[in-house]
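So this first bit is one chain, no partners, the form predicted alone, shown in structure tokens.
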């Protein structure tokens, strides 16, 4: 496969490229341009383009290979077409929860997006010991709006079938299938971990009950075309910015913060079925850190039609990894405790926001032959999927190829303690084991059980 016909962008040729894109000249002036490359991902080139007195742009171009490996792992740049589709949908379904989308150059496989230089990557913020209340609710609302807009809830059946057929993303789905749902659970040369984890990894792989659930989740990944999902939603694919002082938590949908900021989703507790009331308590934050944070989700290049709860689960898993870091980091006793407490509540709030947003949107569903009882059963299964995918994400970030800075920047002793506790928690993310930890006959209870088992495991490693 050769893609030599398209030129890769560089800081040196971006000015000429932008001259050829007149619809972007309201954001940058190609004649007064400063460019910096900011992409540190595995698959793309990413540039911030700015001109004095203008808002600027982010230009993202797909590479024809996996960057972390090199040209010997070729990859079709046409995955950028899938990412463009996701942004197009999100621009209508969740416009304030994604970067503004200016369009896609199919000849160069390049996307033009809002410049978010004033925002911070959520993972970097959490690694520095700063909580971001509100961001988790925004991320849950984003996922819910995308699920509603692209599933049986928001699309007529014929349109849904056409969308499923036109949204294949086979190469990147294969990467997720291998790196997230297969390799970490077997002896594979791409895996790596400290010797101190060898017993925990062996126990996990021999746990037939847990592996059976992983295989169930992999089967759903391969066969369940429920909604257009992000496919790689983690704390590194969310940008955050403080958005003002308001009380955090206390109501359905994470205090309604996502709906308040995003201009949609109904009237909080009045729009949809309320037989199950998804509530969490207000987070206790350190002094001076009570402002809400707004979030924007980016990098949906792994998007595909898959299990509706995949994104929520992957984000819950990454928040759990951040909690593992907080459990062993010495930020000062009080601050460390506050950070860990917020992260464990944030795991719940992602789901609470997701569920509340879907309930609020439910009355506007396309096919009203699906009744409220169906929604209850669907949400319960989705909550079990979310916890299961969270467990898979934990395992793959500890054992598999793609590690995360949350844990990799710790010293060996602290890292092994945190990772051992997290692997133990991951093994308990099967529906039957979650049921041992609390009431799991309603969706929020399933996720609360997951958060409680995390709390129990991490309490012992500080």
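Numbering follows the first chain given and starts at 1. As the structure is a computational prediction, the values presented were derived from the model and not from experiment.
Below: the form predicted in complex with a small molecule, not depicted.
Remark: residue 389 does not count among the residues lining the small molecule in the model of the complex, judged by a heavy atom distance of 4.5 Å or less. Contact check for residue 296: every heavy atom lies farther than 4.5 Å from the small molecule in the model of the complex.
Proximity of residue 220 to the small molecule in the model of the complex falls outside the 4.5 Å heavy atom cutoff. Using a 4.5 angstroms threshold between heavy atoms, residue 345 stays clear of the small molecule in the model of the complex. Residue-level contacts in the model of the complex: of 42, 51, 424, 405, one residue has a heavy atom within 4.5 Å of the small molecule, and it is 42.
In summary, among the residues 112, 175, 125, 155, the only one with a non-hydrogen atom within 4.5 Å of the small molecule in the model of the complex is 175. Stretch-level contact analysis of 411-419, 395-403, 429-437, 30-38 against the small molecule in the model of the complex, using heavy atoms and a 4.5 Å limit, identifies 395-403.
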